[in-house]
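Below you'll find only one chain, the form predicted on its own, shown as structure tokens.
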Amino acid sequence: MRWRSVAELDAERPTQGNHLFYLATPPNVFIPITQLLKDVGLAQSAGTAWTRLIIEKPFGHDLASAIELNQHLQAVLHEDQIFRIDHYLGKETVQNILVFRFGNGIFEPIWNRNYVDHVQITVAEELGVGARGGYYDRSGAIRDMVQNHMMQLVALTAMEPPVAYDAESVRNQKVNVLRSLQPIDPLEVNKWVVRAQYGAGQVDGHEIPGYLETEGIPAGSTTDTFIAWKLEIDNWRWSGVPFYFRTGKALPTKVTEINVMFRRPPLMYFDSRQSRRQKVRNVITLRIQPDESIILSFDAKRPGPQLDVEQVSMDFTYSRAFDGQISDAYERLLLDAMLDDRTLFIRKDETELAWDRVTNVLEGWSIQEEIQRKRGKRLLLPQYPAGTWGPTEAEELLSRDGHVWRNPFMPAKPEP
């Protein structure tokens, strides 16, 4: 295959001089590549043509590196040329969060601290790190999932109505949420965040070795494969409403969902002994994958002569409601970049605010590890068997507030 210059491709294809560069590359070459684009004259638009850059996560590995990367990118390109991509934002249910909330008069009035008790977000992966151990051990769940995907889901769930549905208005409101996230004192990180590693176990009938027994993982690694975090949002809408999220490798199934848990009525007239024990609530579930759907759970009377109450659900599923294939998230985002629509892309200040909150946690962990080293001991993370929903410490994070995790219901897989 012969490599051809951009000028040759412009002449061969009807590009009109428009260029979209996509950096799906290791993060250590982001700066050299973009510097070369500037040096050879490909970084700036010419005439009526446009030049844009898509950059994949991770956007740095802590706050300082994120600031350095952003400063470099803005020295090479204008901010409106930079498209920081997070493929979660291209998923239909993620986009539908805004329509569901702000396009329906029956939901927006109750989407606040007066009616919502707490919010749970789960991003679970079945697989372990596999052959990616060397890469994963340098990032862990907090850098791989929390700083980007999880923070974006929190921001979209909690944001105020934008003044218009355009890129800057939507992103301004997401930034306001991230700015309102209560920072964690690094010395108190264990009160708010649980980290753990998976041990040996079985997922979907397949044996998975423990993280520390996986090829490429150094002995004594303290890299997290599971994170549970209690967030508090200091603003008028969400004051006093905890947001809990968890993400991890080697969990029972692959699923991403947001559960908005509503307050119970003050008098539970129809409360059975069983429902009191289970502490059932009204819940709105926004499932982002694998079966993109929205589910409303509520109480109903079971048919029969006695007043037996059971939780039931109404659900909307994209595949059933809309006849046709759902577009891949990347397809949607690539098209938006070509159309210069930045609504679903991440702005500079979003990345830095998210990293600021995450870096506080990283600093707290570093302090813990240094204390153990001075004692001549090695820090041991909590363990959870592969195929379970995480360590007992994650359950305790919620039980201290009188809550339990809502584990996703997944239909049985068809027989082969």
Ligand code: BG6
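Don't overthink the numbering: it's just position in the shown sequence, from 1. Predicted model only: the values in this text are computed from it and were never measured.
Just so you know, the form predicted in complex with ligand BG6 exists too; it's not on screen, but the next bit is about it.
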Which of 139 to 147, 170 to 178, 183 to 191, 103 to 111 lies within 4.5 Å of ligand BG6 in the predicted complex, heavy atoms considered? The stretch 139 to 147
Contact check for 57, 125 and 289 against ligand BG6 in the predicted complex, heavy atom at 4.5 Å: yes
Any chance residue 132 has a heavy atom within 4.5 Å of ligand BG6 in the predicted complex? yes
Hey, in the predicted complex, is residue 281 touching ligand BG6, heavy atoms inside 4.5 Å? no
Is there a non-hydrogen atom of residue 263 within 4.5 angstroms of a non-hydrogen atom of ligand BG6 in the predicted complex? no
Would residue 246 sit within 4.5 Å of ligand BG6 in the predicted complex, counting heavy atoms only? no
Answer key, ligand BG6 contact in the predicted complex at 4.5 Å (heavy atoms) among 118, 332, 254, 230: the residue is 254
Going through 69 to 101 from first to last, which residues have a non-hydrogen atom within 4.5 Å of ligand BG6 in the predicted complex? 87, 88, 91
